[in-house]
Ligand code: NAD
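Below you will find one chain, with nothing else, as structure tokens; this is the form predicted on its own, and questions on how it binds or moves follow later.
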């Protein structure tokens, strides 16, 4: 098995404890990684703070070139990275290739946006005491950014932290998900080869609780976290004196109205619900279907669910691999069983084999069931008929989460009504809530988060505007 070292102060280091990384599909170890404890994360923070003194004065074109080189190197090694994603995350290889391609794009966006961080001229003569004065605002980097990333997109979501943070001339201490640290360490190698200053990027695999150091340490000026709401809001409490950007979970709802083209809607919903075992925070979970087309849509979804090839994620023809662990698959199994015991009906699926959970459709559910009101994070959807569009909109909005929602309708008035009445970070018309392209502003409200990603928007979060007013003599 190959051994991977943490990336500390510009070097790969054998510090910490050596741990096995297992394949979620078969629970077999395939690599070893050095994991750090809290003292090493503190050391990394100190190193990143020192590196910031050089980083903040580095010309933008130099940082842009580094990000561009990393993007190009990642593209050249895309198959190697895709294979690692399939192994460490259980992501089907063809899906993994898509994630690598997105990460290439995200890093290139960083290279471009690095050159477009602009300021503002402020007219000061709106009052007599502002005459003979000139005002301008420039954005400055914050300093050390602490980044914590999840297992489900272990490469592209890391790129969404690193690209804007480095483009804005911050330094970064990254704690990747403990299940999927290898792709982050491989990415660190690309940054080192591209000439990033030593200490500007630290990658320290560690257990989840070690991330609290990033929240507490005052030398960390911003914490950016993607993961579960429970952990995210806990870290925000610990980091109450610093900037905190949270991108958390959801139970995404989608409305399918009677004027919809059914076949493409069914295809999109099924793929968004079941591929990668539904392990996406904007995976379709709740589907509200107009009564007149309910049976046709549900039959189409069931047929599609039963058509996927399940199996080893490294095989080319696999559509759905395993969940991240057998424990997670067992959790989903218990949630579905609980719903059935409370009166719900499994229309297809509802079966587990080890860490694989079959694509599942559940009908006759209640809003308060876990499979509806919590984030199932699995290949499970609930289907509910409705008679009027306003009722469906209210049902989608009846959630403590607010990440994204999808609406299939051709009626512009209904589109406007949904846009104005579903409290989410983004609403996708004519498609599923799972749609995301990496330059768009992405994030949620309510318990789904408090910030926006998308490289340009994240740069705004990761910089501080500073005003200068100059008084001129007459």
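Positions refer to the first chain, counted from 1. Computed from a predicted structure; not experimentally measured.
Keep in mind the form predicted together with the named molecule is missing from the figure; the text below concerns it.
Evaluate residue 234 for contact with the named molecule in the model of the complex, applying a 4.5 angstroms cut-off between non-hydrogen atoms, and reply yes or no. Close contact exists here: in the model of the complex, residue 234 approaches the named molecule to within 4.5 Å, heavy atoms only.
Although the partner isn't part of this model, could you tell me whether residue 113 comes within 4.5 Å of the named molecule in the model of the complex, counting any heavy atom of the residue? Residue 113: no, not in contact with the named molecule in the model of the complex.
For residue 34, is any heavy atom within 4.5 Å of the named molecule in the model of the complex, or not? Although the named molecule is absent here, residue 34 would stay clear of it in the model of the complex, with no heavy atoms inside 4.5 Å.
is_contact(residue 149, the named molecule) in the model of the complex, heavy atom dist at most 4.5 Å: Yes, residue 149 sits close enough to the named molecule in the model of the complex that at least one of its heavy atoms falls within 4.5 Å.
Could you spot which one of 92, 359, 249, 164 gets a heavy atom to within 4.5 Å of the named molecule in the model of the complex? Looking at 92, 359, 249, 164 one by one, just 249 meets the 4.5 Å heavy-atom criterion.
Work out which of 189, 333, 212, 312 lies within 4.5 Å of the named molecule in the model of the complex, going by heavy atoms. For this set of options, the contacting one is 212.
Which single stretch, out of 189-197, 204-212, 383-391, 315-323, brings residue heavy atoms within 4.5 Å of the named molecule in the model of the complex? Flagged stretch: 204-212.
Given a 4.5 Å distance limit between heavy atoms, list every residue of 162-197 close to the named molecule in the model of the complex, or none if there are none. 175, 176, 177, 178, in sequence order.
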